[in-house]
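So this first bit is one chain, no partners, the form predicted on its own, shown in structure tokens.
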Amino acid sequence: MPLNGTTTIDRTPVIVPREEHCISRADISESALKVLYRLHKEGYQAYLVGGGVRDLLLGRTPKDFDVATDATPEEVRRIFRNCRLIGRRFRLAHVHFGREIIEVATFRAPHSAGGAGEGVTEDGQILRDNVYGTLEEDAFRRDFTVNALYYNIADFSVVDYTGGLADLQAGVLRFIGDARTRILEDPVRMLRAARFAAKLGFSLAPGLRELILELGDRLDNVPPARLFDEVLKLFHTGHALHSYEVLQDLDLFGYLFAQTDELIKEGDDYTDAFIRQALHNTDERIHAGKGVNPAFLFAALLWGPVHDEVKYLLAEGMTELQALQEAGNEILAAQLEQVTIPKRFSFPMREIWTTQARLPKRQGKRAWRLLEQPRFRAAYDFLLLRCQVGEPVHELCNWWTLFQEADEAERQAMVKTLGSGEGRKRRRKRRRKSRAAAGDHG
């Protein structure tokens, strides 16, 4: 076996008949089956492909189902009225069934078959890829062997051109063909390797870790907008903490969050602990079927640099709120050079941060007004996260927890008690200032 994370090329497919594999149509989405059957009925080849086949063979429930066919996108649109064509770099057909979308891709040939018009950079990075081909060519164009398995609706067999079944059984993640070439074609494949290793619990093929350590800086050439989606796939699919650990092991985290990574490499245990706790909580929410918000994720991943900068700004005389606003703007501006964060998430992110300065101020009507803010719940959860990693905000967390659960009379009593204590402190402070001023004039 080669020691560079690649697989050797053997064009003879392994075909596993229905009685020798575990995939059942009962476990496949009805919508996906409709697409497969309809394409087959119209005389086209139709295969379930990729992660859906991989997960079914592993006994897992697939997140979605993708179809590969020899029908062109235009032919797929002609067959399905509920179809939309998307993409420029990869032309795809999306067949809509309510909220479920079945993605249909036409078999693709090697990008070299497209001639000069198909957009490849000097160092081999693919810019466009709409060269259609055969099932065999499509299999060898995919990235990892375990993602190049096909379920044939014609006879319910599993087709394996690349050795994916053996790697699936061994728990190994391996590139198809030459790993270096595949990474240079698309550096994001390094992030995909990290994601699948974390998600599946697979080991990287021998030599692949060293190759990724060598080529990691190729991610600097990837558009920041594209990396946003990759971050969500890494951290919002139920294996966030393990993804973080794999990214750190492969030295890829810094190409996504350089400011955070710099602090961690300098030995900032607080930042590392905060991220680990945030990602652990995210995984728990996803496994419990609860929603997760990209704004909260990015707020957590960038909190270390913001928190660090705030300390310097406070020393310069800023209030906590001013420091959080200034630090947030500065850290976010630098982050956008690496990973684009849409404004619909960056604005709530900054609100989560700045609300941390408002949560201690609960006198008068402030507590009620904060409770009514759209970002209150996210800011409160962020406060709990800070408490979990040892910040001295335990009393504040308890107060806000009780305040949310209390009825109106109890809330008024809580604020009144709090207000009395704060009022006494302010009066004592004023008296001390008055006595000091009197002494100066005496």
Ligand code: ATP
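Quantities reported herein were computed from a predicted structural model and do not represent experimental measurements. The first residue of the shown sequence is 1; numbering continues from there.
Below, we refer to the form predicted together with the named molecule, which is not included among the displayed structures.
Looking at 361, 96, 192, 280 here, can you tell me which has any non-hydrogen atom within 4.5 angstroms of the named molecule in the predicted bound form?
By the 4.5 Å heavy-atom cutoff, the listed residue in contact is 192.
Problem - Candidate from 259, 147, 356, 106 lying within 4.5 Å of the named molecule in the predicted bound form - any heavy atom - result: The residue in contact is 147.
Partner-facing stretch of 26 to 34, 51 to 59, 408 to 416, 375 to 383, counted where any non-hydrogen atom is within 4.5 angstroms of the named molecule in the predicted bound form
Result of the contact check: 51 to 59.
Open item on the list: If we define contact as a non-hydrogen atom of the residue within 4.5 angstroms of the partner, is residue 63 a contact of the named molecule in the predicted bound form?
Closed with: Yes.
Taking the named molecule as it sits in the predicted bound form, is residue 274 near enough to touch it, meaning that at least one heavy atom pair lies within 4.5 angstroms? Residue 274 lies outside the contact set for the named molecule.
> With the cut-off set at 4.5 Å between non-hydrogen atoms, does residue 285 touch the named molecule in the predicted bound form?
Replying inline: No, residue 285 is distant from the partner.
Residue-level question: is residue 350 within 4.5 Å of the named molecule in the predicted bound form, judged on heavy atoms?
Judged by the heavy-atom cut-off of 4.5 Å, residue 350 is well away from the named molecule in the predicted bound form.
Within 4.5 Å of the named molecule in the predicted bound form, do we find a heavy atom from each of 142, 199 and 233? Each of the three qualifies.
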